[in-house]
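Given next, in structure tokens, is a single chain: the form predicted on its own.
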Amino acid sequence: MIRVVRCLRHLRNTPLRSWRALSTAATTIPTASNQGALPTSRSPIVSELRFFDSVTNEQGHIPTYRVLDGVGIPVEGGQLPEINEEFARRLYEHMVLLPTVDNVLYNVQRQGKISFYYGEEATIIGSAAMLAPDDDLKLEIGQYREMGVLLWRGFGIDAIMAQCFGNLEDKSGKGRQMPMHFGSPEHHFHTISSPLATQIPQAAGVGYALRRDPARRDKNVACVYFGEGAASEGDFHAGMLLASTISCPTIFLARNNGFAISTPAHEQYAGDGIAARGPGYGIDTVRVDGNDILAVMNAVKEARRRCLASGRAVLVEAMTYRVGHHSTSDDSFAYRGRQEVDNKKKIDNPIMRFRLFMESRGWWNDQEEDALKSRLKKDVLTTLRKAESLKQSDLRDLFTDVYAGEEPWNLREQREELAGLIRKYGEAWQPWQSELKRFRDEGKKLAD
């Protein structure tokens, strides 16, 4: 029966006598070389029944691209990106800055001064360095590692601290967002939102908009960051489908760090990671060592070139490991061993790998390392002390920037109701007195 079904297309124009001979002689079944393909597919017709579970020709795992080995030595055949000492130093400084800010803000959250904090160096800094300053970025809050992109673009430590404390210098959301929910039109950084994976289809739409803009067409791409946990959401597939069917120059950058909060990767999917899904959507795909900043730079640079040349999306899967907890509300040692984490820190540290590479070229030494860490820590602590001393923005800002134009009636009613409550209880109830003093206008502008 299988033999007859496979041959139906060939039999349409076959005389009856020939058909009878064909149906009884298995050795006369045509091979794929002269069978052609189905009208709606480029898939060749074959006579062998074969199932597959891999997108590689060898039925093996998708390879991971690498330039530097674990001790910073270029691998045989590896091509270094164009990089000089000055640029390497800038890359390294930003890589070291990230854990410095992480450690300080982590301790601040534990002291109760901010409500929530979460803090991958080579993947984030390497990719940011290869994107144009005006490429649009859509960020994912599921694993909270993209602060480095903003720092690379000049957002500044002071702006980071202002957002985390929600003070009057917070330009991301005037204190109305959770910590680490950054946004900056100036830096082409779309505001982070908490729901998992919603930014993925949005990024496909941003890419489509860039393609339709004559001023930015063939000049800019969209880039969206997300973790392997977000890739388990339906929005991932919606975004990939959209980007594969219309012209969307969008880089989908998946950071596969092994855990979706506490769920290990092997419990999230049975296939070969996130990269295996790209070819299913007809999207150019590459898997890269996410702890090798030079490999990430090469991969993202080529991905961006392909996006601009074809107007189509590209999927990059960066393989890394989350050595920290998912967030300050997580204790990762409840689902993995301390020894596992310690081994990863020692064996495959992205910062140490790049430092060893720089030292091998005479671009870095121990004295410079000590000076850098001391300076960065001082800068971060100075900015921290300033941020926590500032008041919050005006309480009235709770109702501004929601809609353009005239304030709608429903917001006006809510604002007036809150103003009435403040007049009634603001002077009479001590908790409200203390809370109102935290705002620059102490709530007095609400009735304006």
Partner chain sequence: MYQAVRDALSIVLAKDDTAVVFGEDVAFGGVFRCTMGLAEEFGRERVFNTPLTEQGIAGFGIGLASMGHTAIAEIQFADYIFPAFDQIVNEAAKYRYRAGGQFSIGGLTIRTPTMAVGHGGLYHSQSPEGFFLGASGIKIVIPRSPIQCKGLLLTSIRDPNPVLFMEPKILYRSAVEQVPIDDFNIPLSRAETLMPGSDLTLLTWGTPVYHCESAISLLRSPPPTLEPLVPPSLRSATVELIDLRTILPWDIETIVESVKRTRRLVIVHEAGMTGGVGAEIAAEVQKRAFLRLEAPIRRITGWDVPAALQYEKFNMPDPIRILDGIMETLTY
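Positions refer to the first chain, counted from 1. Here the structure is a predicted model, which means the values were calculated and not measured.
The form predicted together with its partner chain exists for this protein as well; it is not shown, and the discussion that follows is about that form.
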Inset, instruction - Would you kindly say which of V71, L241, L80, A371 lies with a heavy atom within 4.5 Å of its partner chain in the predicted complex? - result: L241
Legend entry - Proximity to its partner chain in the predicted complex, single hit among P179, P99, G183, G273 (heavy atom within 4.5 Å): G183
Inset, instruction - Spell out, yes or no, whether the shortest heavy atom distance between I45 and its partner chain in the predicted complex is within 4.5 Å. - result: no
Legend entry - Contact label in the predicted complex: W152 to its partner chain, heavy atom within 4.5 Å: no
Legend entry - Contact label in the predicted complex: V402 to its partner chain, heavy atom within 4.5 Å: yes
Inset, instruction - Would you check, heavy atoms only and a 4.5 Å threshold, whether N349 touches its partner chain in the predicted complex? - result: no
Legend entry - Site check F87, E93 and G311: each within 4.5 Å of its partner chain in the predicted complex by heavy atom: no
Inset, instruction - Spot the stretch among 301-309, 371-379, 350-358, 231-239 with residues whose non-hydrogen atoms come within 4.5 Å of its partner chain in the predicted complex. - result: 231-239
Legend entry - Sequence-ordered residues of 158-183 touching its partner chain in the predicted complex, heavy atom within 4.5 Å: K171, S172, G173, K174, R176, Q177, G183
